[in-house]
Every structure is written in C-alpha cells, then in structure tokens.
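Here you get one chain, nothing else, as structure tokens; it is the form predicted on its own.
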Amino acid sequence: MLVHAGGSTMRIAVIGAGISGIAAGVNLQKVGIEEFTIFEKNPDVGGTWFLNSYPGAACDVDSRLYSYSFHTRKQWGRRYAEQPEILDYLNEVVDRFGLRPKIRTSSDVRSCVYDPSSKQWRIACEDGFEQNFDGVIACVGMLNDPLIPNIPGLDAFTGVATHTARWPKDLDVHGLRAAVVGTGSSAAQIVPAIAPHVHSLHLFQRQPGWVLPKPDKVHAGTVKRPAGPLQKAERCWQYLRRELAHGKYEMGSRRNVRQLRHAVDFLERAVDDPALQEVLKPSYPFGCKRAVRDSNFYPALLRDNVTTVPSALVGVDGSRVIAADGTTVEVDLLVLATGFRAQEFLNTVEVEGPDGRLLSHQWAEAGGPEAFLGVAVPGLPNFFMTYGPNSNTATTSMVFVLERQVEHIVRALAYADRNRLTGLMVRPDAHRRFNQWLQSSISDTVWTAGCNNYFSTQDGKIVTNWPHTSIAYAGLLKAAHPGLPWIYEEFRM
C-alpha cells in the first residue's frame, strides 16, 4: 500500500459516476481517503440519467426522496423530476463537493484483476489505461447495459433503430412512422412524448404491464420550500409513509389486493373501450413485474394515430416490422424500449480474484449472482459493489439504499485503512447464511409467479429484489460492522 498525505494508506478505484459513484466520492472524502479515481465510461457524469435522454424520460419516485440526504434542493421543478433536471442536480453535487478533478470520463473499465504479489487490483480500461488500486467500489448499477432483443433483420432495418438508452440527440420525430417495442416504464414515458408529433405509432406489446397513476405536478419556479429542519421533516414523512404502507409481496396479501384494485380501477377509468381494456390487462398477479407509474400512457394509446399491437415483434424486413400475430407495418423509426440486462450484474467488467477465478464463473456455479447484503462477495478482498444482487428495493427511493450501501462500504475501507490491512473480505459462511435466508424470504413472493420480469435468471432465481423494508436493509448494513470477525475476514501485510 502507498502512504498518502493526511495519513490515508489507500488508493481507491470507483467504477461509475452515477448516483452511487458520486456518493462514494463524497463519502470517501468525508473519512479522509482522498486518493481515489472515479472511472466513467460516458463523456460526462450521471450514469443512467446521462444515458437515458429520450423524450419523456423522468423519475417515478418523488423528487424529495430521489435526492441525496447530504445535498437536498429547496425546490424541484416537478414532483417527479425529468431527466434534464436530475442530470443537472447530479452535476451540481459533483461541483459542490469538488469531485470533478477525481473523475476520469470516457474511460470504460473492462477488467479488475487482483494481483496477489502486490495485494492490489489492476484496473484496465478500454482506451489502454491501466493502474493499480488498493480497493475497488463497483458502481455500475443494474441499468447500464441495454437489452437489445435478438430480432431477425434488425441490423438491416432501413430506418432509424434506437434503444431508449441510446437516443440520438439530433433525432427529429416529426412526421415519422414510429414503432415502439415494450410496455415498461421507458415505453410508458416515450409513447406519450412522441405520439403527438409522429405520423403514426404502433406499440408492440409482448406482455402488458400493470399501470398506476403518477400524480405529477409542476412547481412554480419562484416558490421555494423551506430549508432546514422543516424540509428534512417533510422528506422523512414521505419516506416513512412509503415504508409503513409496505407489506410482504405475497399474492393475496392485503397490500397486493389493494394495489391490484387500484390498477384495475385506473385502467377502467382511463380506457373506455372494453376490447382495449382486455388487451392492456395483464394475466399475471400485480407485482410480478415492476408496475409502471404514469398517468399519460393510457390516454396516449387512445389517440387516433396510435395502435396497440398485442403481440411481440419477431422480425424486421427492410422498413417493415413483423409481429408474431402476422401484423406487418412500414415504419421509419423503431424504438426499443426493452430495458436492461439488470440480472447480469457486472457483466461489462471482468472481475478476477486472487486465485484467478472469475466472478462471473463463481456466480454461474451459484445459479445466479449473489452477494452479502448486495455489497460484498467471498474471495474478493477490498472489492465492493453498490446496487448489487438482491438490493433493489420496492418500498422507497433507490437513492436511500445506495447511500446506505456506500456508507457501509466506505466504513469498511476506512476500517481497513486505519488498521493497515491489505485486505478485508466477507467470510463464505456469512455470505452463505445470508443468501439462504434471503432466498427463503423470496420464495413465497409474487415475483416468482412466472411472468416475464427482469428480477430473475432464466432458471427463475430472483437476483435483483430485496423482499423486506429498506429500514430493515439499512439496519442490517449498519449492524454488519467490518470489525466483526464472523462477518469479515482480515488480511495483514
């Protein structure tokens, strides 16, 4: 290890300058670890909020919660902030805490290899840059690798084909014949945004999703919410209100029945055509897939220039797109609102431990990705991750969860730094017991009902979601102190 000014002995690599990567930088500085580099594959910070700039892109969590506890805003432009405002906020935080000099943009990390001789991680980027670090915080998240469906003929499409996370900045949709593939959150946002401007729009629906209204509203720019204790109290109330309404995601539970009724009522109020109602009503239980929150999606589907095709897209022939039911449409623009490879954690970075074993192989042998509290894996000293396996909360803002993860990780690294450890690694037995308990908790949830969701592997193992409250999760992270010998194993020089 290298000894740096201020007494710190650690050099840390942070992979990703999204929400958790920025929080990692702030927290590392807070504990006095100043020697760190944040690697960002994109030209600027923001992570998924930099990538997803498609028309209508917005958050479906209240802005008061979808922000850091250490840097709140007096006023958001909307109750549910849109992509430009969220990206502006993240840039504001980067500049407020002086992180920009620490960020290496357009630097796509391709591998992290542990060198047993130096007791360090070798970070290698696609541009040829390589450097050794004492610890790694992988903040690549779940929503960073777009899922491009394997549709025959897609590569030869004669019009413009784009994934929502790769939206061309200069694309003018006016007058185009458009097709949108998918019915998740991004589709529910982009369809209302472009429908008034395109000549026609066909929505190809493999499987409908449950939709809930989103009571959005614009805040007057001159109106400011009170800062200080009152603002914190308002934020705390919003958080607790969501947590207290939580119940386990079991089919037939009181919470599940209430939300199903709410979704059905919303569909019947918004769509007065019984035939279209049947097309848009899912056959799977509420909660099996992530529910869409958008008040404008159903009204957009009722426009004269919008057609819902209740069938998956299975082929492309020149400018024609072909559905499984035989529907064929000539289009100029093909939008893939098909989500991300959410269950394939860290698939864009090859992680190799001290014994030469790849993390991807370790997870394959386990039947799917798994980690201790979503942040640590046995066999990888001083390697941590955010938004890891089974840490996706369904009760509150992910920003709350990511902050708690970062606090745990930085506390662990600071502990290793303070005690001059060459490595800190979760014990296999602690990891195993936690994941056995976790999977038993998930086994009776609605997520296992058999719909096409991004929560599970092909074999049905739920690898993304946390089944309890975020309060419980935060409590476990707090209790898992790095100095507890039955949780973390220490290595010294």
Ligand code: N01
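Note that residue numbering begins at 1 and tracks the sequence as displayed. This is a predicted model, so every value here is computed, not measured.
We do not show the form predicted together with this ligand, though everything after this point is about it.
Using a 4.5 angstroms threshold between heavy atoms, F36 stays clear of this ligand in the predicted bound form. When contacts are judged by a 4.5 Å heavy atom cut-off, T338 counts as touching this ligand in the predicted bound form. In the predicted bound form, this ligand sits within 4.5 Å of a heavy atom belonging to R206. Of the heavy atoms in R290, some are within 4.5 Å of this ligand in the predicted bound form. Taking P369, P381, G374, G182 one by one, only a single residue has any non-hydrogen atom within 4.5 Å of this ligand in the predicted bound form, and it is G182. Of the listed positions (V351, A161, L143, L280), a single one reaches within 4.5 angstroms of this ligand by any non-hydrogen atom in the predicted bound form, namely L143. Of the candidate stretches 425 to 433, 38 to 46, 464 to 472, 449 to 457, only 449 to 457 has residues with heavy atoms within 4.5 Å of this ligand in the predicted bound form.
Highlighted residues A23, N27 and F97: none comes within 4.5 Å of this ligand in the predicted bound form, counting any heavy atom. The partner is not shown here, but in the predicted bound form the stretch 135 to 151 reaches within 4.5 angstroms of this ligand through a heavy atom at L143, P149, I151.
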